[in-house]
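Quick setup: one chain, the form predicted on its own, written in structure tokens, and binding and motion questions come after.
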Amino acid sequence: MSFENITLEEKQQALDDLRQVKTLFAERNWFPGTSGNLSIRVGEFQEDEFHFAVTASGKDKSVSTPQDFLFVDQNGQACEATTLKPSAETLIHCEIYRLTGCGAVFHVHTVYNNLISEWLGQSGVVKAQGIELIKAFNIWEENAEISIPVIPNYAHIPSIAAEVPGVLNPAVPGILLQNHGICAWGKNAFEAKRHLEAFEFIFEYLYRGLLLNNVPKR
């Protein structure tokens, strides 16, 4: 489906959903500086042709302006004439969409996901077991364990995107960039938000667990 054939209503709905999520995450301080990015796919999906709305690069996500978002194609190129540039990690979003056909990808930088990726991700994964919020990923086994992939934080974004196919696990809808942030996805904005919130709970849980392990028992 060409971009021109996607209805105006669907495009406007994607932008409205992005505004709401951006506002919510900004209130949680998940976009320090101008970091992080959000995207929502519009129109039909084909592996070699799809489109999505994405946050523009270098914008303060704590405020709303007409220049907050733009539409790009499967290569991260703008679909319309614009002076805006897509967020730096857009190529990572492209790769996640191509591999999963998902409906939304959210990427945030938090202290917890940075520390956990750095301290527990040296083997290439962060493992979590027996945490209630694992159920947010529709994993219901008792004492379930997940392995969250961790990839290097190259300065060259295409090099990061090239790592995604080798580590992406559809059952665990998130990838950590070491000492950088997490990309989480879902079939729509609601599911991507749920997954991201679950990952952030897990990272804080693991972090606080590390602290407690260093507290002498009385």
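Residue numbers here begin at 1 and follow the sequence given. Keep in mind that what you see is a predicted model, and the values were worked out from it rather than measured.
Another form exists, predicted in complex with a small molecule; not displayed. Remarks below refer to it.
Exactly one of the stretches 53 to 61, 39 to 47, 167 to 175, 186 to 194 approaches the small molecule in the predicted complex with heavy atoms within 4.5 Å, and it is 53 to 61. Contact annotation for A88: at least one heavy atom lies within 4.5 Å of the small molecule in the predicted complex. In the predicted complex, the small molecule lies farther than 4.5 Å from every heavy atom of P152. For the chain shown alone, R98 is not a contact residue for the small molecule in the predicted complex, no non-hydrogen atom being within 4.5 angstroms. Contact check for G33: a heavy atom falls within 4.5 Å of the small molecule in the predicted complex.
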